[in-house]
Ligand code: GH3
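Only one chain is shown below, in structure tokens, and it's the form predicted on its own.
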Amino acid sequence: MPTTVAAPAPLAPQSDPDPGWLARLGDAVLTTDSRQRRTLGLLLLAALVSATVMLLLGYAALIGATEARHVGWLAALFGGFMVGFYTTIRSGLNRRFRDPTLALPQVISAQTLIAAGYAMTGPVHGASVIMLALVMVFGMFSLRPAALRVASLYTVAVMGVVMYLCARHQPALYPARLELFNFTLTAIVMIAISQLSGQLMNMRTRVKTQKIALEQALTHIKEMAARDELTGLPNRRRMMTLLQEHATRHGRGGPRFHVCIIDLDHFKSINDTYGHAAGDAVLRAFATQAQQILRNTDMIGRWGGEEFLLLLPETPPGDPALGVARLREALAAMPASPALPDLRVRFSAGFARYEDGEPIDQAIERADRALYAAKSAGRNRSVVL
């Protein structure tokens, strides 16, 4: 007697935390615009560095190396600076300016605040020189070399004034000789960063140029892989892809289509009589005429040798077979090529209407059988199966 085993009761679904909350938070903070996100990302990175420096200055105030009120003032200034620029960029107001990144105003503002911090931090003021260089490094990724030179000159000038005033009014904390050393070091660093910025810009330009050239080369390679070299028509592989795409589209409610295989009549005799160069000219002339006469919705590709495959959607205007008939009439009235003014091109064609759900190979096989029937019946005609 067969026994029945009860299936185990399904486990109650467990509620997992929403995996998209971090992405939504990022969109809320940085927006969904890629350029704005990049600009805000750099600003927030600078804010993180500034916050770290403020913590170090807080420790300096804790051990008595500088005054706590000065650190508080600096923290408030930097906080206002960050909030102001973040609000401007996040709200989109920055798009009204010539440079939406506001990189130069940010650098100038930061260097001004660092210069103020240099005058307010007393014994630990030497660390400000490092901050000056760090701000300029950030600027290298956003500013053009000319703008970075302006920022460098401004930095040297404002630091020169601040160092002079500090050495004059607080010589105990800012000895003149040490300030001269700090000023010289600042000027050398700013000049070096300006020069490196130019080299970095040249490197970025070369990389961008190489990237564009590579993309163009890849596009050309893809085009060559999908095109017949002689006629410029889509090749067999590309036509198979197009046929499959149309079959899939028809399965989703798109238009039905016909498959047509054309074979140029007695093409071997053209090669044997006039040479392969003349045969190639005939193939090119046929391809040109076909593209001019067929509908815009029709597609033709070189199937192999002297055979061509047509994809003919059942869409207005007209019956798909009419274009092939017009092509036959046009070829009968024109030379096969400029070098052969008396030669006319004739062809046999086999049609097959794509049926719902059938493999595309079956439609091609029916068109091939129809072509064989057209050739067996005397060529220069079309047969539909």
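Just count from 1 along the sequence shown to find any residue number. Remember, it's a predicted structure, so these values are computed and weren't measured experimentally.
One more form of this protein should be noted, the form predicted in complex with the ligand, which is absent from this view; the next part is about it.
Though the partner is left out of this view, residue 274 does not reach within 4.5 Å of the ligand in the predicted complex, counting heavy atoms only. By the criterion of a heavy atom within 4.5 Å, residue 280 is counted among the residues contacting the ligand in the predicted complex. Under a 4.5 angstroms non-hydrogen atom cutoff, the ligand in the predicted complex lacks residue 366 among its neighbouring residues. In the predicted complex, residue 268 approaches the ligand with a heavy atom inside 4.5 Å. With the partner omitted here, the stretch from 87-95, 258-266, 150-158, 171-179 that lies within 4.5 Å of the ligand by heavy atoms in the predicted complex is 258-266. Taking 105, 79, 305, 72 one by one, only a single residue has any non-hydrogen atom within 4.5 Å of the ligand in the predicted complex, and it is 305. Exactly one listed residue, out of 230, 185, 196, 133, brings a non-hydrogen atom to within 4.5 Å of the ligand in the predicted complex: 230.
Residues are counted as partner-facing when one of their heavy atoms sits within 4.5 Å of the ligand in the predicted complex; in 157-188 not one qualifies.
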